[in-house]
Ligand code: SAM
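Given as structure tokens, the chain that follows is alone and in the form predicted alone.
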Amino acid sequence: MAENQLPEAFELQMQALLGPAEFALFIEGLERPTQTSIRLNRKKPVDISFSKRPIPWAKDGYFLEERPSFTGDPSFHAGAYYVQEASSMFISHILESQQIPKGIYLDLAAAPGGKSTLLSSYLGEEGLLVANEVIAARTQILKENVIKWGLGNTLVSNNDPEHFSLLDGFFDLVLVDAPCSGEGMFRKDPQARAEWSPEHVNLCSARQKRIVDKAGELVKGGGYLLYSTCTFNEKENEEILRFLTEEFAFEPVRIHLDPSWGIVETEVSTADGTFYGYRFFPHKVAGEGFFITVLRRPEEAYTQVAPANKEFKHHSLKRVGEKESAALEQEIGADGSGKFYLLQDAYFRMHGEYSRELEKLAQVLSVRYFGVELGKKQGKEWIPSHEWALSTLPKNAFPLHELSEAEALDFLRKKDQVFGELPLGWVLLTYQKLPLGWLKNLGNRVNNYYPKEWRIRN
């Protein structure tokens, strides 16, 4: 089969799903160019020069008229926006329209981080997000994107769904963006067409059932489960929804749609009533193929509350005492709500309201990052981390130096640079007032502390 040719079995599947007339429109839609879209970070406002128009179902989401060079935009590296597929931003509309309560959220298959940063923005300082990735190699890009987003309300973990068995009934919201056969990527990625097969669909469906069989248990009474894929077939969508309702007690959630959006609502009849799914077809919406369903756990379902421990015992993480935490909070100029931890000799800060949940999670999961890493201290002096630079936490003790676009790109490439008058010591470099990272002025030279593994290579 040629790379761009659609598999015959896929065509038959879609004809059965859509009917002959609409199938022809679907094929036309697959041949249209994809549209690039971004979601802005409200905590890092900046003047975005791209020509853009709002995505109607996504708060802070925009379609771009053409795809620019994001690598060449310093504000992208500063976390001012995330390049995210438009259809998946429908989660923003779900959260806002249902006014889903904030609290402890889990993104079970989170890399590279688009949906996690969306959840992080919705939660703000009123919740804690666990951004989990099963595949260890993908955890690093997830961690990097969480750090760039900078809100400090996220824990990054690397665990299989089975590892969450001690956290049943713990989460106010669980998002399962399941690994799937990728039919929704056929327009964006022609290689996905060549890799598709009915056998792969069956394999994905079996994997999805294993994942949601664990995920369903993790939702607390009154909490929400969001299940999504980037595929069209019913085996990976409606059948998984039906499987969930057979395995667990859930209530249906229906999402309001504007007819002009072109999103298709689907109904699934079960013993517990009619449940709803929402499908994005390329001939109806500007985004790529996507499916999502929303379910709510009954209030009487099991709820687990993190215990209050006088002592916190962990093999590598140490709680900082109340007095020292208060002093650190005052020193960095934060709002007084932070709790501090030591990992080896590096200080981390997390919003204090969720410290009990954080400690419970740290004892159960393989944690790769959490909150904001501030750095280390030598006496009264900070050795600040890059994570602190990109966070939205204050950095009042440090002088700032604003860069031009060319200077910012040279800094991001870790090129040798010559600056004018700079204060001695640590200096926070900014672009359009957005922090990019640190340099240290030693008098006779300046050292660039941008992480070498993040540097722009072109």
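Start at 1 and count along the sequence shown; that's the residue number. What you are looking at is a predicted structure, and each value in this text was computed from that prediction instead of being measured.
Beyond what is shown, the protein has a form predicted together with the ligand; the following relates to that form.
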Worksheet item: Within a 4.5 Å heavy atom cut-off, is E236 in contact with the ligand in the predicted bound form?
Response: no
Worksheet item: Does P74 reach the ligand in the predicted bound form if we count a contact as any heavy atom within 4.5 Å?
Response: no
Discussion item. How about G113 - does it come within 4.5 Å of the ligand in the predicted bound form, if we only consider non-hydrogen atoms?
Written reply: yes
Discussion item. How about I100 - does it come within 4.5 Å of the ligand in the predicted bound form, if we only consider non-hydrogen atoms?
Written reply: no
Worksheet item: Pick from 207-215, 246-254, 123-131, 339-347: which stretch has a heavy atom within 4.5 Å of the ligand in the predicted bound form?
Response: 207-215
Discussion item. For a quick test of understanding: in the predicted bound form, does each of I135, R138 and P179 have a heavy atom within 4.5 Å of the ligand?
Written reply: yes
Item to complete: Counting non-hydrogen atoms within 4.5 angstroms of the ligand in the predicted bound form, say which of G262, G375, G277, P161 makes the cut.
Response: P161
Fill in: Contacting member of V268, V201, A306, A109, with respect to the ligand in the predicted bound form [4.5 Å, heavy atom]
A109
